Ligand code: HEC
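Only one chain is included here, represented as C-alpha cells and corresponding to the form predicted alone.
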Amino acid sequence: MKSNYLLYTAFLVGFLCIMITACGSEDLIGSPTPDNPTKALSGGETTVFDATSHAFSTPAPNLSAEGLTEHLIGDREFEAVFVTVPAEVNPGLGPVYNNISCINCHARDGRGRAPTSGEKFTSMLFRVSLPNPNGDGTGAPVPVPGFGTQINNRAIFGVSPEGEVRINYTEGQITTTDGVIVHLRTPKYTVIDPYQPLPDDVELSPRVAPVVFGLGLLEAIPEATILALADETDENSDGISGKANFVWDVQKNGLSLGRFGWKANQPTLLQQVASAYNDDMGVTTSLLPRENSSGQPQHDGRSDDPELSDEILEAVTFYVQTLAVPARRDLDDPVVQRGEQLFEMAGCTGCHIPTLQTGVLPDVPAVSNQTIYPYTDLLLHDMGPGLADNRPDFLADGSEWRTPPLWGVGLIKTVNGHTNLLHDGRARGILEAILWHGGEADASREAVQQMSTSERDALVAFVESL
C-alpha cells in the first residue's frame, strides 16, 4: 500500500516543512520557559509548540522518517470521503450513516459541537439501547431493533434514514457566593421522524465528537497505572471513587480495560477507529465486518464486506496514535500560577490527574516511555443527576463518565471556533462546565462557587493554559 502513496507523501512532507517555516513568531509559542522546563511539554517528546488553528493537526515531532510516512498516509485516509457503491475510490458508504469522513466529525482533529437550531447533527451523535436488567455477561448495551445502538440520521439515495434528533434548551442559573449569576442551559432531546417507532423505554445518549490528538499516549499508559488510580469503594474517604470500565475486546474475544470514548467503552484505538467507520459511516472492516444496518430494511444485501482494507484501518489508527499534543502556555503568568494552585485546592486533581507516565506501545515508539500532562485518570466517575444520560455502557452506569483529558482545552476556540464543552456540548465555556459537575465532584463545584470572582478567573485562566 505504501508504494501507492510515495509521491503523495513526499509532497506532504515538503508542504509541511514549508508551512512550519512560513509560520511567524506570533503563531508559534516557542520553547519551554527556563522556569518551567517540563510542564510545557504536555505530550512529552510528542509536544508541538503551536497555538494556531493547526495546533491539533501536527504529526508528533519525534516520529521517525518511516513513522512520518505512515502518519501522513493515515492523514490522507482520515480525510477521505466515502461514497456509495459502485465506485473505484472509497466505496461502501451507508446505506445509513451519520457522516462521510472522519474529518467531517473531527474538524482539524478537534472537537465537535451540538447543532444550532435547524442544523442536522454533523459532529455529534446519539447512542441508543434498551434496558438490560438481566445482563448478558458483559454489560454491553442492548441494540434497539431496527436502529442498532446508534441513530443514523443520513442515508444513501432511495434509503430511509433512521431518524433525526431535535435539541431544545432550557435556561437556568446558579449564583456564586459573591453574587455572580452564571447561566446554565439544560438540553432536552427528542427523536423526530423515525422511520419506525422507537420503543418507549429506549435509552438515548448524546455524544459530541472529541479531539483526537494525544490518543496514542493514553493508549500507552500501563493498565496497572490506571487500575492503581481506581478507588471504587472510596477507601480513602475523599469522596472520589474512580472506577475502571471493562469492555468487550473484539481482538481478544474477551473483556479488556476501557480507555476511549465518553464512557471508556472502547479498549483500543484500533477498535475505536473500526467502530467509528462502522457506526458513523456504515463502512465495514475485518475487525467489524457486520453492516450497521444488518437485519434492517435499509441493508443493501451485498456480499462486499469488509469494505475497508486492513492497511487503511491500521494507517488511520497510527495517525490518531501519533498526532502531536499542543504545549501548555503562559506558565510564568502569575494569574495562571494562582489558578493552578486553586485547581488543586478545589480537589480537581482527584480526577484530572496532572502527570502520568506512558509505557511501551508496540510499533509506536514515539509515544512510548513519555512523561505527559493529560489531566485525566481514564476512569469512570459519577457526575451526578444533572449530567446523567441514564444509559449504562458495560460497567459504566447512567450517571458515570470517563474523566476527559484537559490538554488543549484552551485552544478549542482557536481550532474549532467554539467553546462548547462536556459530553453533549451544553456548557458554553469552562466555568459553565465546572458548575455542571455533580456527584463525586460536588465538593469541587462548591469550592469554585465559594471563590471570589478573581479566583474563579484565575482558575479558568489556568485551565485555558493547558
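Don't overthink the numbering: it's just position in the shown sequence, from 1. From a predicted model like this one, the values you see are computed outputs, not experimental measurements.
Missing here is the form predicted in complex with the named molecule; even so, the following discussion is about that form.
Participant: Can you check whether Ile221 is within 4.5 Å of the named molecule in the model of the complex, heavy atom basis?
Facilitator: Residue-level check for Ile221: no, no contact with the named molecule.
Participant: So in the model of the complex, does Phe147 come within 4.5 Å of the named molecule, heavy atom to heavy atom?
Facilitator: Phe147 lies outside the contact set for the named molecule.
Participant: Is the gap between Trp401 and the named molecule in the model of the complex 4.5 Å or less for some heavy atom pair?
Facilitator: Output for Trp401 is yes: heavy atoms within 4.5 Å of the named molecule.
Participant: Can Ala441 be called a contact residue for the named molecule in the model of the complex at 4.5 Å between heavy atoms?
Facilitator: Although the named molecule is absent here, Ala441 would touch it in the model of the complex, with heavy atoms inside 4.5 Å.
Participant: Only one of these stretches, 246-254, 192-200, 268-276, 292-300, has heavy atoms within 4.5 Å of the named molecule in the model of the complex; which one is it?
Facilitator: The contacting stretch is 268-276.
Participant: Name the single residue among Arg338, Arg108, Arg207, Arg329 that comes within 4.5 Å of the named molecule in the model of the complex, judging by heavy atoms.
Facilitator: Contact check passes for Arg207.
Participant: Select from the listed residues Ala396, Leu72, Ile372, Met281 the one whose heavy atoms reach within 4.5 Å of the named molecule in the model of the complex.
Facilitator: Contact check passes for Met281.
Participant: For the three residues Thr122, Val211 and Leu422, which mark the spot I'm curious about, does each lie within 4.5 Å of the named molecule in the model of the complex through at least one heavy atom?
Facilitator: Checking in the model of the complex: Thr122, Val211 and Leu422 are all within 4.5 Å of the named molecule.
Participant: If you look in the model of the complex, which residues in 75-105 sit within 4.5 Å of the named molecule (heavy atoms)?
Facilitator: Read in sequence order, the residues that approach the named molecule (within 4.5 Å, in the model of the complex) are Phe78, Asn98, Asn99, Ser101, Cys102, Cys105.
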